[in-house]
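Starting off, we have a lone chain in the form predicted alone, written out as structure tokens.
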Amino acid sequence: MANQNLTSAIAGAGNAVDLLRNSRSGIYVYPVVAPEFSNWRSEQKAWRDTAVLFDQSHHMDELIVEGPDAEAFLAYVGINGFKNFDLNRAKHFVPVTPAGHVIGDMIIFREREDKFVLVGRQPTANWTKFQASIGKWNVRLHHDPRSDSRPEGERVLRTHYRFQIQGPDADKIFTELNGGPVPEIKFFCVDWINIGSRKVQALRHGMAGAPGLEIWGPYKDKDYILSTILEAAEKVGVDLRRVGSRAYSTNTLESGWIPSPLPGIYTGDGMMAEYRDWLGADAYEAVGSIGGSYVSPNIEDYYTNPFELGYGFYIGWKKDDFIGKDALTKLKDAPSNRKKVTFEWNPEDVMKVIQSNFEDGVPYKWIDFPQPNYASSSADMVMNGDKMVGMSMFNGYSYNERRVLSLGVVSQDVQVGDVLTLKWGESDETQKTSTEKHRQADIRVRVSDTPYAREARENYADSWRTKG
């Protein structure tokens, strides 16, 4: 009998770890957007030197929550404080389980007193929909899932387009588009600007270590907005590079956000068991995958909490109640909490891995460029001698830094500058279609600042990107 929900999928695989480590869903795809518009090296370089245009219209879910109880409902579901959440603001919305495990994250915009828009990966959207279904909140939800990973020529439509322009020359383009200087918009705040004949909302944001604006509007306007942006860049003489899906996913390596922690929903009784029954067998949580050298029989060893990811500083402790509050109170100062860091991979060791693929015999696990992740959630062991002291969770190559970098968590006693060893490749063969037969390799990594890019460290003050 085919699996009906996540619960039956786990039972069919024997346990959650085996389900996810043997997933045959393939690599995580950034859909619809072309892999490259010029080449991924020049596209990466442009967000540091000139300006880039990210097309964010397709790879994220959008969830609209509105109604008289919208604020109270979301304040209960997420850890965030809502007291200072005025109109024209955005927040980084993070829900956790009753045990305090991170489920995921989305950017949340407040459009009206009773209307919020959440944008990001599916786990947070799913959890929010579930909470609305089991509660008595007076809210209405509209879910626009991300575009199909492989649309096979079918027409793709979304509720909204979403673009981001960033880089040192971004303001020149926006000034031309707006017919004059844009309003002074503070970080993670929203205002209206002109794009040709359209009024659009703009969020002050930055994803690759450089400031910029994210704009959005009705999807039917997408082609007009795109052509207007490209014309404006040409008019002011800015070498604006459109960024393809290959380079796009690497921007976070320089700015310090870990985009895909494993949702901590595979264990727990009560509400959590009910949630696993509610999730379909085709949900992200059921078909997603874990890749990497870290293999534990306990799925909870792959979980993280908000303090480890740098999200602890905006927990709304003064709220009467929210899911996970009691657990987070106990975890707040726990010595077991890890901290977020960047790992700088040793170039000689990286080249050793690449070279093995030009020699006879079984090679080391291939490092793809610029994005070597081969699962929806990564977990590579980081060792100090024979002791595991951390976990690498998201990898990639930065042409700007001429380094392979990864983001992850380490024990509190690990210091910036320490040289550790990352175990690259899987210790056994799984059913994943995204891995080839290979050997494991030891790669030296230097523990580095997060964010890695100086621009991000200096300009993302009091941001989750700088906390850890």
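Everything numeric here is computed off the predicted structure, so don't read it as measured data. Note that residue numbering follows the sequence shown and begins at 1.
The same protein has a further form, the form predicted in complex with a further copy of the same chain, not shown here; the description that follows concerns it.
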property: Partner-facing stretch of 79 to 87, 248 to 256, 359 to 367, 279 to 287, counted where any non-hydrogen atom is within 4.5 angstroms of a further copy of the same chain in the predicted bound form; result: 359 to 367
property: E436: touches a further copy of the same chain in the predicted bound form, heavy atom cutoff 4.5 angstroms; result: yes
property: Residue contact check: V416 to a further copy of the same chain in the predicted bound form, 4.5 Å heavy atom; result: no
property: Non-hydrogen atom contact P68 with a further copy of the same chain in the predicted bound form at 4.5 angstroms; result: no
property: is_contact(R403, a further copy of the same chain) in the predicted bound form, heavy atom dist at most 4.5 Å; result: yes
property: One residue of G153, G179, G385, G270 in contact with a further copy of the same chain, assessed in the predicted bound form (non-hydrogen atom, 4.5 angstroms); result: G153
property: Contact residue in the predicted bound form, from S227, Q355, S296, T175 (heavy atom within 4.5 Å of a further copy of the same chain); result: Q355
property: Residues within stretch 317 to 352 having a non-hydrogen atom within 4.5 Å of a further copy of the same chain in the predicted bound form; result: P347, V350, M351
